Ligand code: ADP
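Okay, so here's just one chain, in structure tokens, the form predicted alone.
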């Protein structure tokens, strides 16, 4: 288990993170979300031991995670950290990068392991390609494969799919997170992308103003967003009295109601249109199965 106990950290005098406490069970997947600058990446670095805490403590299965004041070499053998900058060997092949830290005493087992990891990150066809020739997204996939090569107990991922295009992102996300679950590798992901979290995380932490403002399952946070910040992570939302926070998909056009809105614009979203409308001087968004003409008045119903 990972245990984070009331940590405080400051770069200068102003706290970057304060009163941070949570735990993660072995094999679980935790997503850390929050606005840019909320401390997501800093929290991962603290978990890795890259910085010294001002207060509090971090433990992994009873071993205290300590920073550079206590360790000549940052990090621990049981933990891997994949940052947004990749530390790869550009003049060697993809396969050589992935197998760099694997033992050479058993070459057949090593090659089998490399092949397995190439499949996980969908790079089998580029196994013999030098890393310097890869795109940013392909390099990110090499970094992910290399991080799990020796099967760590815990892996920390900072925006793990940020460089990967949409053509590959969905299948890679499924493949990687499925692999980590099967191997019981604890996974902590800092992300701004709801698709990294909502279908895969056992729990989500929301950071705001240097503190944790929510810690719950994705379903609980989605169904009962306590603040507009939490709702905004999941999609388009509105604040409508007396209903409170209402997602766009929770508003329907009906024949008659007391909520009268005037259509301002329609955005094509594939299987639906996102409609922007004026409701008593306030902008609201709702989903509709067809395009609506501008300036048309419609009646709305909230279906929370």
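Numbering follows the first chain given and starts at 1. Just so it is clear, the model here is predicted, and its values are computed rather than measured.
What comes next is about the form predicted together with adenosine-5'-diphosphate, which is not displayed.
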Contacting member of 292, 284, 16, 24, with respect to adenosine-5'-diphosphate in the predicted bound form [4.5 Å, heavy atom]: 16
Proximity to adenosine-5'-diphosphate in the predicted bound form (heavy atom, within 4.5 Å), stretch among 31 to 39, 63 to 71, 274 to 282, 235 to 243: 31 to 39
Neighbours of adenosine-5'-diphosphate in the predicted bound form among 1 to 17 [non-hydrogen atom within 4.5 angstroms]: 11, 12, 16
